[in-house]
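Next up: just one chain, as C-alpha coordinates, the form predicted on its own.
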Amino acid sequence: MEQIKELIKYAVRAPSGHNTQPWKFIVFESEIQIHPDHTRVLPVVDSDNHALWISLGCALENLVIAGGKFGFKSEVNISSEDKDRTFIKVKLFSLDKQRPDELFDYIGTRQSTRNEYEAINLSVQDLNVLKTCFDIQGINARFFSQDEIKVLEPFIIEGSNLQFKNKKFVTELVSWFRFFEKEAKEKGDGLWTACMGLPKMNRFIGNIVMKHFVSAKSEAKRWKKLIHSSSGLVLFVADKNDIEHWVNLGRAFQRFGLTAAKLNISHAHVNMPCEEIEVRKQMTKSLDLTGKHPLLLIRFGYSDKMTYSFRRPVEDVIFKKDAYI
(Lines give C-alpha, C1' and ligand atoms only; values in the text may rest on other atoms or scores of the structure.)
Protein backbone atom coordinates (compact mmCIF):
# COMPACT_ATOMS: atom_id res chain seq x y z
CA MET A 1 0.00 0.00 0.00
CA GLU A 2 2.83 2.43 0.77
CA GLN A 3 4.25 1.97 -2.72
CA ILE A 4 0.80 2.65 -4.22
CA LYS A 5 0.51 5.80 -2.11
CA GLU A 6 3.84 6.94 -3.54
CA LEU A 7 2.51 6.49 -7.07
CA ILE A 8 -0.58 8.53 -6.24
CA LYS A 9 1.56 11.28 -4.71
CA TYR A 10 3.06 11.75 -8.15
CA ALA A 11 -0.30 11.45 -9.89
CA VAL A 12 -1.84 14.34 -7.93
CA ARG A 13 0.93 16.71 -9.01
CA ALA A 14 -1.07 17.02 -12.23
CA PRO A 15 -2.74 20.31 -13.21
CA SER A 16 -6.50 20.83 -13.04
CA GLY A 17 -8.93 23.63 -13.81
CA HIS A 18 -8.76 26.23 -11.00
CA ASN A 19 -6.60 23.61 -9.19
CA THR A 20 -9.81 21.84 -8.10
CA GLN A 21 -8.05 18.44 -8.11
CA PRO A 22 -11.24 16.61 -9.19
CA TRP A 23 -10.04 13.04 -8.66
CA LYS A 24 -10.64 10.08 -6.38
CA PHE A 25 -8.39 7.03 -6.32
CA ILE A 26 -9.67 3.57 -5.37
CA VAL A 27 -6.89 1.10 -4.69
CA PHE A 28 -6.93 -2.66 -5.13
CA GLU A 29 -4.07 -5.15 -4.82
CA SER A 30 -2.91 -4.73 -8.42
CA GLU A 31 -5.23 -2.02 -9.73
CA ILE A 32 -5.80 1.68 -9.25
CA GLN A 33 -9.04 3.31 -10.35
CA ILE A 34 -9.21 7.05 -11.02
CA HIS A 35 -12.74 8.40 -10.56
CA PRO A 36 -14.02 11.93 -11.14
CA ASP A 37 -14.89 13.79 -7.95
CA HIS A 38 -18.20 15.40 -8.86
CA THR A 39 -18.10 17.63 -5.78
CA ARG A 40 -15.26 19.51 -7.50
CA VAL A 41 -16.79 20.22 -10.89
CA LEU A 42 -16.85 23.66 -12.54
CA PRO A 43 -20.39 23.86 -13.96
CA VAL A 44 -19.96 27.30 -15.52
CA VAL A 45 -16.57 27.14 -17.21
CA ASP A 46 -16.64 23.37 -17.84
CA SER A 47 -20.30 22.54 -18.35
CA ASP A 48 -19.66 19.20 -20.11
CA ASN A 49 -16.81 18.17 -17.76
CA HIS A 50 -14.31 17.78 -20.62
CA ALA A 51 -11.69 19.78 -18.70
CA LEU A 52 -12.28 17.58 -15.66
CA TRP A 53 -11.46 14.47 -17.71
CA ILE A 54 -8.44 16.19 -19.24
CA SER A 55 -7.20 16.74 -15.66
CA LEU A 56 -7.76 13.06 -14.88
CA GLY A 57 -5.77 12.22 -18.00
CA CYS A 58 -2.90 14.38 -16.71
CA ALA A 59 -2.99 12.54 -13.38
CA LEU A 60 -3.09 9.21 -15.23
CA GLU A 61 0.02 10.03 -17.24
CA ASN A 62 1.91 10.98 -14.07
CA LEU A 63 0.80 7.68 -12.53
CA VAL A 64 1.96 5.63 -15.53
CA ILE A 65 5.31 7.44 -15.64
CA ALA A 66 5.82 6.95 -11.89
CA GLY A 67 4.82 3.31 -12.24
CA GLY A 68 7.70 2.68 -14.63
CA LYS A 69 10.10 4.23 -12.14
CA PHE A 70 8.77 1.95 -9.37
CA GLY A 71 8.95 -1.19 -11.51
CA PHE A 72 5.39 -1.46 -12.83
CA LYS A 73 3.93 -1.75 -16.29
CA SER A 74 0.51 -0.12 -16.58
CA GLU A 75 -2.48 -1.30 -18.61
CA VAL A 76 -5.05 1.47 -18.99
CA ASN A 77 -8.74 1.20 -19.82
CA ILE A 78 -11.80 3.45 -19.58
CA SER A 79 -14.52 1.56 -17.71
CA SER A 80 -18.23 2.43 -17.86
CA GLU A 81 -20.39 0.45 -15.46
CA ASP A 82 -23.29 2.71 -16.40
CA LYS A 83 -23.77 6.16 -17.95
CA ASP A 84 -23.19 7.88 -14.61
CA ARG A 85 -20.23 5.78 -13.48
CA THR A 86 -17.27 6.05 -15.79
CA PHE A 87 -13.71 5.85 -14.51
CA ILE A 88 -10.12 5.08 -15.51
CA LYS A 89 -8.82 1.63 -14.63
CA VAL A 90 -5.06 1.09 -14.31
CA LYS A 91 -3.86 -2.49 -13.90
CA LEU A 92 -0.31 -2.79 -12.56
CA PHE A 93 2.06 -5.60 -13.54
CA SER A 94 5.40 -6.05 -11.78
CA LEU A 95 8.49 -5.86 -13.97
CA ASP A 96 11.82 -7.56 -13.49
CA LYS A 97 13.46 -4.15 -13.53
CA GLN A 98 12.56 -0.48 -13.64
CA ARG A 99 11.57 1.11 -16.93
CA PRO A 100 12.02 4.78 -16.04
CA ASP A 101 10.73 7.51 -18.30
CA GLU A 102 13.07 10.51 -18.22
CA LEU A 103 10.04 12.76 -17.64
CA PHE A 104 9.63 11.27 -14.14
CA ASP A 105 12.25 13.67 -12.79
CA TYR A 106 10.11 16.68 -13.78
CA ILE A 107 6.78 15.71 -12.21
CA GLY A 108 7.68 17.71 -9.11
CA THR A 109 9.04 20.77 -10.92
CA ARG A 110 6.39 21.23 -13.63
CA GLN A 111 4.03 24.09 -12.92
CA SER A 112 1.51 26.31 -14.66
CA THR A 113 3.52 29.52 -14.74
CA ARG A 114 1.10 32.43 -15.06
CA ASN A 115 3.50 35.37 -15.25
CA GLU A 116 4.61 37.40 -18.27
CA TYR A 117 7.18 35.65 -20.46
CA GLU A 118 10.30 37.05 -22.12
CA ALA A 119 9.09 37.20 -25.76
CA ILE A 120 12.08 35.13 -26.92
CA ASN A 121 11.76 32.55 -29.69
CA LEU A 122 12.50 28.96 -28.78
CA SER A 123 15.44 27.29 -30.46
CA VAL A 124 14.51 25.05 -33.39
CA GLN A 125 15.81 22.07 -31.44
CA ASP A 126 13.67 22.77 -28.35
CA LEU A 127 10.60 23.46 -30.46
CA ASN A 128 11.04 20.16 -32.28
CA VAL A 129 11.36 18.33 -28.95
CA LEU A 130 8.05 19.84 -27.82
CA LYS A 131 6.39 18.97 -31.12
CA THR A 132 7.39 15.31 -30.81
CA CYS A 133 6.94 14.79 -27.07
CA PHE A 134 3.84 12.59 -27.36
CA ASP A 135 2.35 10.02 -29.70
CA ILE A 136 -1.18 9.38 -28.46
CA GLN A 137 -3.97 8.10 -30.67
CA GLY A 138 -6.61 10.63 -31.62
CA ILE A 139 -4.73 13.69 -30.32
CA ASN A 140 -2.75 16.27 -32.28
CA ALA A 141 -1.13 19.58 -31.40
CA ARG A 142 -0.94 22.61 -33.66
CA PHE A 143 1.82 25.09 -32.85
CA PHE A 144 1.62 28.84 -33.48
CA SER A 145 4.79 30.95 -33.56
CA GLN A 146 5.02 34.51 -32.22
CA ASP A 147 4.18 35.80 -35.69
CA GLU A 148 1.10 33.55 -35.86
CA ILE A 149 -0.35 34.50 -32.47
CA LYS A 150 -2.44 37.20 -34.16
CA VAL A 151 -4.47 34.41 -35.80
CA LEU A 152 -5.73 33.29 -32.39
CA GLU A 153 -5.86 36.65 -30.60
CA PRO A 154 -9.45 37.58 -31.64
CA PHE A 155 -10.77 34.26 -30.32
CA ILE A 156 -8.81 34.60 -27.06
CA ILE A 157 -10.14 38.12 -26.45
CA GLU A 158 -13.70 37.22 -27.40
CA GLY A 159 -13.65 34.23 -25.05
CA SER A 160 -12.24 36.36 -22.23
CA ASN A 161 -14.84 39.08 -22.83
CA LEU A 162 -17.71 36.60 -22.68
CA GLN A 163 -16.43 35.09 -19.46
CA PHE A 164 -15.79 38.31 -17.57
CA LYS A 165 -19.18 39.68 -18.59
CA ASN A 166 -20.74 36.58 -17.06
CA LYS A 167 -21.34 37.08 -13.32
CA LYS A 168 -21.72 33.34 -12.77
CA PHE A 169 -18.26 32.75 -14.28
CA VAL A 170 -16.65 35.38 -12.04
CA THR A 171 -18.42 34.01 -8.95
CA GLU A 172 -17.24 30.48 -9.72
CA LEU A 173 -13.67 31.67 -10.36
CA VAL A 174 -13.47 33.70 -7.15
CA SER A 175 -14.88 30.82 -5.10
CA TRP A 176 -11.68 28.92 -5.91
CA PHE A 177 -9.35 31.81 -5.08
CA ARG A 178 -7.20 31.37 -1.97
CA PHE A 179 -6.19 34.86 -0.89
CA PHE A 180 -3.72 33.95 1.88
CA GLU A 181 -1.06 31.27 2.23
CA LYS A 182 -2.76 29.96 5.37
CA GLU A 183 -6.02 29.41 3.52
CA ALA A 184 -4.22 27.84 0.55
CA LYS A 185 -2.31 25.45 2.84
CA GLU A 186 -5.36 24.48 4.89
CA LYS A 187 -7.52 23.71 1.88
CA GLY A 188 -4.67 22.35 -0.25
CA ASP A 189 -6.43 23.32 -3.45
CA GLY A 190 -7.65 26.30 -5.47
CA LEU A 191 -5.89 29.29 -6.99
CA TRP A 192 -3.55 30.81 -4.43
CA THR A 193 -3.24 34.44 -5.48
CA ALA A 194 0.54 34.33 -4.98
CA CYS A 195 0.70 31.78 -7.82
CA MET A 196 -1.04 34.29 -10.05
CA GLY A 197 1.14 37.28 -9.21
CA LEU A 198 -1.69 39.04 -7.35
CA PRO A 199 -1.15 41.12 -4.20
CA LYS A 200 -2.18 39.87 -0.76
CA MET A 201 -5.72 40.78 0.23
CA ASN A 202 -8.38 39.32 2.46
CA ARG A 203 -11.39 37.52 0.99
CA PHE A 204 -13.75 40.44 1.57
CA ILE A 205 -11.52 42.87 -0.32
CA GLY A 206 -10.63 40.24 -2.91
CA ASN A 207 -14.28 39.64 -3.73
CA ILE A 208 -14.89 43.35 -4.16
CA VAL A 209 -11.84 43.76 -6.41
CA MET A 210 -12.65 40.76 -8.62
CA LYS A 211 -16.35 41.48 -8.96
CA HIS A 212 -16.29 45.28 -9.27
CA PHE A 213 -12.86 46.39 -10.50
CA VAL A 214 -11.75 43.56 -12.78
CA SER A 215 -13.61 43.95 -16.06
CA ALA A 216 -13.73 42.38 -19.51
CA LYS A 217 -11.78 45.38 -20.77
CA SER A 218 -9.02 45.09 -18.16
CA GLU A 219 -8.75 41.32 -18.71
CA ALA A 220 -8.50 41.78 -22.48
CA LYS A 221 -5.64 44.21 -21.97
CA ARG A 222 -3.90 41.79 -19.59
CA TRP A 223 -4.29 38.83 -21.94
CA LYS A 224 -2.95 40.73 -24.94
CA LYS A 225 0.18 41.49 -22.95
CA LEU A 226 0.56 37.88 -21.82
CA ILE A 227 0.10 36.22 -25.20
CA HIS A 228 2.38 38.66 -27.03
CA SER A 229 5.14 38.02 -24.49
CA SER A 230 4.92 34.30 -25.26
CA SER A 231 7.24 32.38 -27.56
CA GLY A 232 4.21 30.68 -29.05
CA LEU A 233 0.90 28.92 -28.48
CA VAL A 234 -0.07 25.29 -28.86
CA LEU A 235 -3.60 24.10 -29.52
CA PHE A 236 -4.44 20.51 -28.55
CA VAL A 237 -7.02 18.96 -30.88
CA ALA A 238 -9.00 15.74 -30.39
CA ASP A 239 -10.44 13.60 -33.18
CA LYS A 240 -13.60 12.99 -31.13
CA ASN A 241 -15.35 14.87 -28.35
CA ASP A 242 -15.76 12.04 -25.83
CA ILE A 243 -14.31 10.88 -22.52
CA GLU A 244 -11.70 8.58 -24.05
CA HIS A 245 -10.29 11.41 -26.16
CA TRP A 246 -10.49 13.90 -23.28
CA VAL A 247 -8.39 11.55 -21.14
CA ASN A 248 -5.93 10.99 -23.99
CA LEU A 249 -5.65 14.73 -24.52
CA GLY A 250 -4.79 15.10 -20.83
CA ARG A 251 -2.05 12.50 -21.18
CA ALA A 252 -0.64 14.31 -24.22
CA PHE A 253 -0.76 17.68 -22.46
CA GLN A 254 0.97 16.28 -19.39
CA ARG A 255 3.82 14.98 -21.49
CA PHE A 256 4.06 18.40 -23.11
CA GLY A 257 4.16 20.09 -19.69
CA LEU A 258 6.81 17.73 -18.32
CA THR A 259 8.90 18.10 -21.47
CA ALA A 260 8.64 21.87 -21.19
CA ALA A 261 9.82 21.63 -17.57
CA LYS A 262 12.79 19.55 -18.70
CA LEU A 263 13.71 22.31 -21.20
CA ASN A 264 13.15 25.11 -18.63
CA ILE A 265 10.24 26.40 -20.71
CA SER A 266 7.22 27.83 -18.91
CA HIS A 267 3.62 27.19 -19.91
CA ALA A 268 0.11 28.22 -18.85
CA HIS A 269 -3.48 27.96 -20.03
CA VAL A 270 -5.10 30.42 -22.43
CA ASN A 271 -8.18 28.30 -22.72
CA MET A 272 -11.03 30.80 -23.03
CA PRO A 273 -11.70 30.20 -26.77
CA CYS A 274 -11.96 26.45 -26.10
CA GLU A 275 -14.23 26.90 -23.07
CA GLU A 276 -16.75 29.17 -24.79
CA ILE A 277 -18.63 26.87 -27.18
CA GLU A 278 -19.61 29.46 -29.80
CA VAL A 279 -16.07 30.86 -29.89
CA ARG A 280 -14.71 27.32 -30.22
CA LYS A 281 -16.98 26.77 -33.24
CA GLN A 282 -15.74 29.99 -34.86
CA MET A 283 -12.12 29.05 -34.18
CA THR A 284 -12.64 25.54 -35.53
CA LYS A 285 -14.00 26.92 -38.79
CA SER A 286 -11.31 29.61 -39.10
CA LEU A 287 -8.49 27.10 -38.58
CA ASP A 288 -10.02 24.57 -40.99
CA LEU A 289 -10.47 21.98 -38.23
CA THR A 290 -13.92 20.84 -39.30
CA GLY A 291 -14.70 17.48 -37.73
CA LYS A 292 -12.01 17.99 -35.07
CA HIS A 293 -12.28 19.38 -31.54
CA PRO A 294 -9.82 22.04 -30.29
CA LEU A 295 -10.12 21.64 -26.52
CA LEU A 296 -7.00 23.10 -24.94
CA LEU A 297 -4.91 26.19 -25.72
CA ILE A 298 -1.55 26.73 -23.99
CA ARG A 299 1.02 29.51 -24.17
CA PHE A 300 4.71 28.78 -23.69
CA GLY A 301 7.97 30.68 -23.36
CA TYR A 302 10.79 31.59 -21.00
CA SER A 303 10.18 33.10 -17.58
CA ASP A 304 11.11 32.82 -13.93
CA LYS A 305 9.31 30.22 -11.86
CA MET A 306 6.46 31.37 -9.65
CA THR A 307 5.17 30.17 -6.30
CA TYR A 308 3.95 26.58 -6.48
CA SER A 309 0.31 25.75 -5.77
CA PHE A 310 -0.61 23.32 -3.02
CA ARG A 311 -2.05 19.81 -3.26
CA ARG A 312 -4.30 18.00 -0.83
CA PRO A 313 -2.76 15.18 1.25
CA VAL A 314 -2.75 11.90 -0.64
CA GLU A 315 -4.84 10.36 2.16
CA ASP A 316 -7.68 12.72 1.22
CA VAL A 317 -7.95 11.37 -2.33
CA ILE A 318 -7.64 7.61 -1.66
CA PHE A 319 -10.91 5.82 -0.97
CA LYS A 320 -11.80 2.27 -0.04
CA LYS A 321 -14.19 0.70 -2.53
CA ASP A 322 -17.02 0.22 -0.04
CA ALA A 323 -16.70 3.73 1.34
CA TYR A 324 -16.81 5.27 -2.13
CA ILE A 325 -19.84 3.32 -3.32
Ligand SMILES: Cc1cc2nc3c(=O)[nH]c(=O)nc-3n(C[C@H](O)[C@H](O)[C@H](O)COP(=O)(O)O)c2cc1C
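All values reported here derive from a predicted model rather than from experimental measurement. Counting begins at 1, following the sequence as shown.
Keep in mind the form predicted together with this ligand is missing from the figure; the text below concerns it.
Contact with this ligand in the model of the complex, defined as a heavy atom within 4.5 Å, holds for exactly one of 88, 191, 238, 234, namely 191.
Scanning 187, 224, 114, 142 against this ligand in the model of the complex with a 4.5 Å heavy atom cut-off leaves one residue, 114. Residues within 4.5 angstroms of this ligand in the model of the complex, judged by any non-hydrogen atom, belong to 47-55 and to none of the other stretches in 47-55, 278-286, 60-68, 28-36. In the model of the complex, this ligand sits within 4.5 Å of a heavy atom belonging to residue 296.
Using a 4.5 Å cutoff between non-hydrogen atoms, residue 19 counts as a contact of this ligand in the model of the complex. Contact annotation for residue 301: none of its heavy atoms lies within 4.5 Å of this ligand in the model of the complex. Using a 4.5 angstroms limit between non-hydrogen atoms, residue 269 touches this ligand in the model of the complex. Residues from 276-311 that approach this ligand in the model of the complex with a non-hydrogen atom closer than or equal to 4.5 Å are 296, 309, 311, in the order they occur in the chain.
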